[in-house]
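Just the one chain here, the form predicted on its own, laid out as structure tokens.
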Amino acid sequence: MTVAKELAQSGVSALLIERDPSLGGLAASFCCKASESCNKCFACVADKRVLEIRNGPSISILTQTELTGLKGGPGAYNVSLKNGKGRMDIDVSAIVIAAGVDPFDASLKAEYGYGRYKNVITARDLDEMLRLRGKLFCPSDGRLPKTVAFFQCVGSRDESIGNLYCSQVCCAYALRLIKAIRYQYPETKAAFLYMDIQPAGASFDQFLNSCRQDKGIRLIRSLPSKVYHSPLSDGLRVRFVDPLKGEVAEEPFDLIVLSVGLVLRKDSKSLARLFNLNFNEEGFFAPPPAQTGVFITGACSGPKDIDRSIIHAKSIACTVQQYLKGRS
């Protein structure tokens, strides 16, 4: 969306092809994470960008549309599209791929019980809960949880599942969710269990300090090994190494939130075959040579939050403009 907006402002006509029914991708499902002030989650920026694109000049939009074929070459591509109205072929001078990402499938970490225990959810689930339902609750019975644990690096920096990279966004979005929860529900306590804390943005240190100063938030440098269901209390217990005592501890929580990492969308593999794209060592799209007229932007080139995705997209838009000028 950002690339299309930047190009349109420069007088270049842009066509947005979206496979889903609506624009915005994963970012469109995020809730605002403001507490006593804006916490710079940029969810509102994504919503604003959708409105700008729909009302902007020189931008055409095709939703529920798939790219099925590619002919021609640099500067003179012909793309085949398919949607509910049928098939069509369109001539374009350049192509920008912004295929996006998916949250890691938390059920692959069986020891955490996602999909088995109702009160184990992902941060994506929590985002949608707060955005669509407007409140925090335990899925098992609808009550407000008194204690919530956030597990970091679920699907990232994990050799056992083959994802060695840091997803960049998980620490920031989890802490912002915690701050939002604490602001709205001050009686709810939160524990943040982590390996390392990945900084995000110029003001992140100040934000992190505000989390440390909140007596209702515990930052525990230890990744949990297992989640158990307690039949006696019908609750959840978490096993982890207490970093202060250096021994294994177990603690009950009403709700567990898994901060899942980012992976390339599965259906993006068809795009890779169509455009003969390569993958980087982390499994995301590697940018093709600029002279091909095919460009990669956003998190499909590597994990990025909304802010960094927008910055990257603006850079790519400039590269596309230079490419088009060079061929005119």
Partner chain sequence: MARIGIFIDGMGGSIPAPFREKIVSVIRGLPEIAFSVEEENLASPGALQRMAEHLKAEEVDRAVILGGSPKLYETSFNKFGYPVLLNPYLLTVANLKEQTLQAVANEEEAVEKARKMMIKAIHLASSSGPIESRSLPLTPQTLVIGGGITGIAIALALARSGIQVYLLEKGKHLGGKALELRRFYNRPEEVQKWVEEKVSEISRNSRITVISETELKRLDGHLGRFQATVRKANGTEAVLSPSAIVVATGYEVERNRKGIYGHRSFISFAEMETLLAENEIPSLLRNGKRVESVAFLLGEVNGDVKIDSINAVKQSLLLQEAFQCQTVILCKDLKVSSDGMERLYRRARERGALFIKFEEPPKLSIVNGQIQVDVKDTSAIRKEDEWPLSILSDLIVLSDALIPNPETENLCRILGLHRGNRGFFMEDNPQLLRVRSNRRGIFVAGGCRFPQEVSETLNEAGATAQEVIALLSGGIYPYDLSVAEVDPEKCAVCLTCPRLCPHSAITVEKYAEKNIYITPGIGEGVKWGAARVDPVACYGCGICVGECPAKAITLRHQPDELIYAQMNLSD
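Remember, it's a predicted structure, so these values are computed and weren't measured experimentally. Residue numbers count along the first chain shown, from 1.
The same protein has a further form, the form predicted together with its partner chain, not shown here; the description that follows concerns it.
**Q** Out of 87-95, 182-190, 130-138, 153-161, where are the residues with a heavy atom within 4.5 Å of its partner chain in the model of the complex?
**A** So the stretch in question is 153-161.
**Q** So in the model of the complex, does any heavy atom of A317 sit within 4.5 Å of its partner chain?
**A** Because a heavy atom of A317 falls inside 4.5 Å of its partner chain in the model of the complex, the answer is yes.
**Q** Tell me, yes or no, whether Y165 is in contact with its partner chain in the model of the complex, where a contact means a heavy atom of each within 4.5 Å.
**A** Residue-level check for Y165: yes, a contact with its partner chain.
**Q** So, in the model of the complex, is A200 in contact with its partner chain at a 4.5 angstroms heavy atom limit?
**A** A200: contacts its partner chain in the model of the complex.
**Q** Do R19 and its partner chain come within 4.5 Å of each other in the model of the complex, heavy atoms counted?
**A** Close contact is absent here: in the model of the complex, R19 is far from its partner chain, nothing within 4.5 Å, heavy atoms only.
**Q** Under the 4.5 Å heavy atom criterion, name the residues of 271-305 that approach its partner chain in the model of the complex, in sequence order.
**A** In sequence order, E281, E282, S301, G302, P303, K304 come within 4.5 Å of the partner.
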